[in-house]
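First, one chain by itself in structure tokens, the form predicted on its own.
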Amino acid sequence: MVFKIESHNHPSFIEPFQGAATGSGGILRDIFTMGARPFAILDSLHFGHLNDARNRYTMRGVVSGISFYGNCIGVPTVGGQTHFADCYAKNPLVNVMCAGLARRDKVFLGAASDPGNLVIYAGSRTGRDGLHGATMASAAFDESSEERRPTVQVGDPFAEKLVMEACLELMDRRLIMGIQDMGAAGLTCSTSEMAARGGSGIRIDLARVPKRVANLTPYEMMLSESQERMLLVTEARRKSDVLEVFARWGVKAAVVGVVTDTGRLVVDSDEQTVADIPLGLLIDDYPRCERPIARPPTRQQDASTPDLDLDLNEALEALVASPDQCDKRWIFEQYDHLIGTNTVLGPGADAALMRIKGTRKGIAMTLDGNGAKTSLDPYQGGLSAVAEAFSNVSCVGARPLAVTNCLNFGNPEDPAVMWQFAEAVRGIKDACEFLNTPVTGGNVSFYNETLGENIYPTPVIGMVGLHDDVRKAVTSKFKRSGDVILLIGKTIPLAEGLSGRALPVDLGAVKRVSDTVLELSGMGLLQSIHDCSDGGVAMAFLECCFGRLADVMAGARLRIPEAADPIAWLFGESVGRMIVSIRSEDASSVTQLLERREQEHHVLGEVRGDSLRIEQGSISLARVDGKHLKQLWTSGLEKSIT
């Protein structure tokens, strides 16, 4: 499996549609250049609150751009997350993850080796679009940000589809030796990075590069970020075969250079050498700096329990209708999440699940991160993002395997931001080492700052897992009347979050709960399963009742422990808890297994009727019409965006 995540934050604010579309195109190229056919996309989106017209415009454009590119090229968008906060209003986050499958013996790397091999340019012609795109992505925004619109690239998914198919054929036939897409900084990065990886050098002639416009300077050609372009290395004897494949697919291709043994990047133009530079200076021997790190003043913490005088019925209605917690159907229905016929579980599930054709196995994938929590304590935020992703993958019955990450932070020249970054990375490191999920790669996005205001520190974790038999996949929807509902894991009261402290993450408890539900799932004892995260037990319980179909609703009774504070217990967001439902006849065997494992659990109630009842002892705390709540949940985002 090949998977990675990238950000296109700044471009998506300046030009939402093309910024998001080209972000999708770039991550797709990263996958198929490894010899893997992309088969799934996920996105993590963060916007300002939707009561502002500009935020609504940004969100519409971003969602349209992602759906346009994925739908046109034929790769399903199968999951992700969407959050809203004021700090993202002028600096939205658009993180896109892609995954693909490759034969283990046909994985390709971006290396240019063996002097005398030819360097081939393939794909769209070079223009001036995207100039200084990489520079723009590494600078804070100010009042003149929208003047940078020309630095946003323009994508063509139909051209990328042809490039992808041609490249996959070349790799399958082993006609090339190295390949890399022209992403940030275009030809400059692709030539120098490929030569450095191969321990060689490259000499290219810009006169041979296909151009979209006349009078391009060497500077513009080397830094252009025109989309859908690839750089390949092949043996001289394979030249005609490679060019024939590209011609058959209708892809422009030309030999533009040669691999050398000089350890230098040499650029010729009009029979003159316009650049000659050691690769080491570009790749490894660049100037390094140690950014100052300083912890900001500690926030005032209140150890007392806040007085939460809430009407529970009103609180539930407000929760399900809020943009953060409501159904994201308005977004994911714009995505074709079934194309390719591999999607077992798509948008709305704890994790997406894709089958591997010809087997019973499947790949589970999720994206998780919460900037608001990370702003309280970056270390705990890093732990929490990994733990949440680990739980989500386990929920669909898959064994978590590995992680990619997109680290979105403010201005690194601010010592407090560097402290946030260092602490979040430490948290991710500790969580991944404990949970045995290696980090295979990722992306860092700094300078997410506008007019001096930084975004929340927002590490986003993409996790993948392996499912042994997708026929046994379990969903979050309560299935039948009479089923028993259990909460597995320990609840920490909400008060800790309200007092300005991050909820501590117990990685051992997260691992034990995940192992437990994987065992129960493998034994076929679970009717449904759903993790508790944002909104706590209350929101997870309601989502289990709602399901995904617009006209389906399961009623249920929820019983709160008699000694608990109802509000703190219902809405606490401690990590590593799951709500499961089981057949009543299996209750005894499941309880025995939980007790044998010394796994903390609580009998929440049972599936019954079509209303939602919340009780504590003999007291009825709430009784809500389920269909009314579900209508608020399904319409919340659409009402906010229109």
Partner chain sequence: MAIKFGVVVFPGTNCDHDTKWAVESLGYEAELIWHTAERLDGIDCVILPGGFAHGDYLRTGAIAAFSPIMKAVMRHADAGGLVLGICNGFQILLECGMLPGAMIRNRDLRFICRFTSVLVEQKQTPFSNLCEKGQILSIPISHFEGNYHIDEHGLGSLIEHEQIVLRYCDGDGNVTQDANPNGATSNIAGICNMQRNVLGLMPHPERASESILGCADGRQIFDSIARFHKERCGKGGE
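Given the structure is predicted, the values throughout are model-derived calculations rather than measurements. Numbering follows the first chain given and starts at 1.
Absent from the display: the form predicted in complex with its partner chain. The rest refers to it.
A single residue from the set R174, R104, R237, R248 has any heavy atom within 4.5 angstroms of its partner chain in the predicted complex; that residue is R248. When you look in the predicted complex, the only residue of T217, Q334, T262, N313 with a non-hydrogen atom within 4.5 Å of its partner chain is Q334.
Among residues of the shown chain, G74 is one whose heavy atoms approach its partner chain to within 4.5 Å in the predicted complex. Using a 4.5 angstroms threshold between heavy atoms, Y286 stays clear of its partner chain in the predicted complex. Taking non-hydrogen atoms only, N342 approaches its partner chain to within 4.5 angstroms in the predicted complex. Interface membership of S67, defined by any non-hydrogen atom within 4.5 Å of its partner chain in the predicted complex, is confirmed. The partner is not drawn, yet in the predicted complex one stretch among 435-443, 355-363, 387-395, 116-124 has residues with heavy atoms inside 4.5 Å of its partner chain: 355-363.
Using a 4.5 Å cut-off on any heavy atom, none of the residues of 198-215 reaches its partner chain in the predicted complex.
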